[in-house]
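As a starting point, one isolated chain is supplied in structure tokens, in the form predicted alone.
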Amino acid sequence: MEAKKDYESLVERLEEIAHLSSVIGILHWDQEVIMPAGGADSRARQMSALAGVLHEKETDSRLGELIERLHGLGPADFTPVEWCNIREVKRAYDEEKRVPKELVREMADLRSRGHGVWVRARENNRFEEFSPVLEKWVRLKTRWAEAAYPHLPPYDALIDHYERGMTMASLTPMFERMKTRLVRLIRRVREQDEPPDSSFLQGNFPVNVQEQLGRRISADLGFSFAEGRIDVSVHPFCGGGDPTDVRITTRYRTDNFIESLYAVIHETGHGLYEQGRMKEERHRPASESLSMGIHESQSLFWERMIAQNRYFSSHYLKTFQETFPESFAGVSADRLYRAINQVQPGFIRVEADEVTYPLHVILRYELEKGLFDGSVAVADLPGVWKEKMGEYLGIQPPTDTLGVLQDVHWSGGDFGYFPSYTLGALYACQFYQALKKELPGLENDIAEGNFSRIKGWLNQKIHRQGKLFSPEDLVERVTGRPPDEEGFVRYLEEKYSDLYSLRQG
């Protein structure tokens, strides 16, 4: 009986913490989407103050006493979900307790101020305006890592924050193997004299028409607009308060609707994960998304495995023809499929095709690793960035805006996040192969625009599993084998050898 009362008290505290976190999430969305530029200083102070209050709640000694009593009883006295809540809150409590409150507030302040500095530096193409923020972030994140996980190298601690259990020792050799084979594949593709014709994807596409199309397809995939919305931001993202208030964003170009549409599909994947979580536990750790790699697997699953699928092109061709009749006159489903899967090395990560995308991630991983082991200085980032782009993709960005300043992540101190994108692609590929085995007629469903069985499978197998398992265990439970890069790279080699009529070898 005492354990039950303690658990109820724990849940009450967890829900209060979750509500405060939700407020911070909404403030972050507001800052990215509609806040006037003049509000930046005030918002930084608001975020810093809230971060301090949240830190106090998360490290309150009475919360710690509750956790210790409940954790001391062991898993046999609780349901798997209850024990997951206890286990996860203990991990979070121990981590927060080790981090000084002033450091938490300093990082919250820099996160808010740094975003505005990054936006201006990006607009002005002046890395030197942003580099002081970046240098401060490296110092603060090193302090955070040394405080939170003193037994780990700083960059391992930062990776672990996003992908539990992942380390440089695992990532570096995996990325080296992937890099070697993908660089070779890209070179073979670029040697082809006749790339797919994608000229019809360029034109004049009114933003209001793009907005309607994006909303329609997002809803087709299962995104609930009663519990979510789509807006515009500099960098597409998924945020909001909780599964009943999910905010996704995109950005628009009038000369290319595919970038915006596929950003919507990508963020819809994130949104479906959030909306598909355990509703009854949504304010407790057990319901939270498992890791950023698993989260990215859901966005990349819908963007790459489904929306770049031959059958998706077949289904939506008529919609595209009706929406943009001048551009799509006489276009076949096969031509559309080939066009949206064109391999074209480019400067911008979020616009990259699925073959070149992992190399954008590996580049960022190598730079972050260098920043934290001291082998790369902040001032050297633009030059090293260009060198690696030339080596991996055969191109070099002419400006920092198209290079080192393109991503929002570093303005918020999100080091260790980038590897999650390629881990997500790897997981997504394995999930799709498992889905094909378990759902006969899957390709007919896609060709008919029926995505409900796919969404239901993901809800059951992944979204509602929350934090019950580790990322590696979840992947193995869903697919029957642990995650590995071989299946993902082989999928890319086979798909694009067929698309580009490449000889094997």
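Note that the structure is predicted; figures quoted are calculated from it, not measured. Numbers for residues come from their place in the sequence shown, where the first is 1.
Just so you know, the form predicted in complex with another copy of the chain exists too; it's not on screen, but the next bit is about it.
Trainee: Which listed residue (Lys455, Lys461, Arg69, Lys57) meets the criterion of a heavy atom within 4.5 Å of another copy of the chain in the predicted bound form?
Mentor: Selected option: Lys57.
Trainee: Counting non-hydrogen atoms within 4.5 angstroms of another copy of the chain in the predicted bound form, say which of Glu387, Asp94, Asp77, Glu227 makes the cut.
Mentor: Here the answer is residue option Glu227.
Trainee: My question is simply whether Ser42 lines the interface with another copy of the chain in the predicted bound form - judged by any non-hydrogen atom within 4.5 Å.
Mentor: Yes, contact at 4.5 Å.
Trainee: So in the predicted bound form, does any heavy atom of His19 sit within 4.5 Å of another copy of the chain?
Mentor: Contact check for His19: yes, within 4.5 Å of another copy of the chain in the predicted bound form.
Trainee: Evaluate Leu63 for contact with another copy of the chain in the predicted bound form, applying a 4.5 angstroms cut-off between non-hydrogen atoms, and reply yes or no.
Mentor: Taking the distances in the predicted bound form, the answer for Leu63 is no, it never comes within 4.5 Å of another copy of the chain.
Trainee: In the predicted bound form, does Glu15 have a heavy atom within 4.5 Å of another copy of the chain?
Mentor: Residue-level check for Glu15: yes, a contact with another copy of the chain.
Trainee: Where does another copy of the chain sit in the predicted bound form: which of 476 to 484, 436 to 444, 462 to 470, 43 to 51, heavy atoms within 4.5 Å?
Mentor: So the stretch in question is 43 to 51.
Trainee: Can you tell me which bits of 24 to 41 touch another copy of the chain in the predicted bound form, meaning any heavy atom within 4.5 Å?
Mentor: Residues within 4.5 Å: Ile26, Leu27, Trp29, Asp30, Ile34, Met35, Pro36, Ala37, Gly38, Gly39.
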